[in-house]
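Below, in structure tokens: the form predicted on its own, a single chain.
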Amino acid sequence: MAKLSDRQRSILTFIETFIGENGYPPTIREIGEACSISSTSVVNYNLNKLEREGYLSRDNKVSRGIKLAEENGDTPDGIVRVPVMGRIVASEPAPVPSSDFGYFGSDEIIELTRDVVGTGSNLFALQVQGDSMIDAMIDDGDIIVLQPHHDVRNGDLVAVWLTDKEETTLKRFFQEKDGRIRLQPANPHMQPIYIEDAQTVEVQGRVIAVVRQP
């Protein structure tokens, strides 16, 4: 990782302070004013450098599109630290165990690279129990990495919370023409699950990567 210049460190410190005080990132103009840089192109050059070095990411389509690396779970060397939030069953839907399943209070971290997990943020991981997704190359004990996503498409592999039963499961999601939800296993020996009331199906995340266990 290249050494940062004093100006780049000043910019990074200002961004960290600004976000801490305001809850949102500064604009390029605000960075320039705070760091005594009159040219927005010079600010942009240094932000590009900080992005290449893994200190932040940017969405150039919006004026406040700066996100610090730690907000994405990234470390400065480009490694993404993803919390393992518990377990999920890949079989018949099962009640959520109070002790080892949850989306908060993680006690384990896995480290992956961006080429594995893509550009998503707020990632979390769950350990799989069961063999209903073996034809999707997901075995019992594997760890799946998910991105919170509520707008899913047919065929997406998702972690589902069945609100009326307080149960969870890992399946492929399909919206049937009659309004039912079909949760499809990837195991020829298991039958799909049909949910009559779509309002009881809450997608907690879409699978974006699988970490296979030995």
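In this text the structure is predicted, and so the values were computed from the model without any measurement. Residues carry their position along the shown sequence, with the first being 1.
FYI, the form predicted in complex with the DNA isn't displayed, but the following is about it.
Heavy atoms within 4.5 Å of the DNA in the model of the complex belong, among the stretches 44 to 52, 153 to 161, 179 to 187, 166 to 174, to residues of 44 to 52. Although the partner is absent from this view, residue 58 contacts the DNA in the model of the complex, with a non-hydrogen atom inside 4.5 angstroms.
Interface membership of residue 34, defined by any non-hydrogen atom within 4.5 Å of the DNA in the model of the complex, is ruled out.
Although the partner is absent here, residue 27 sits close enough that one of its heavy atoms falls within 4.5 Å of the DNA in the model of the complex.
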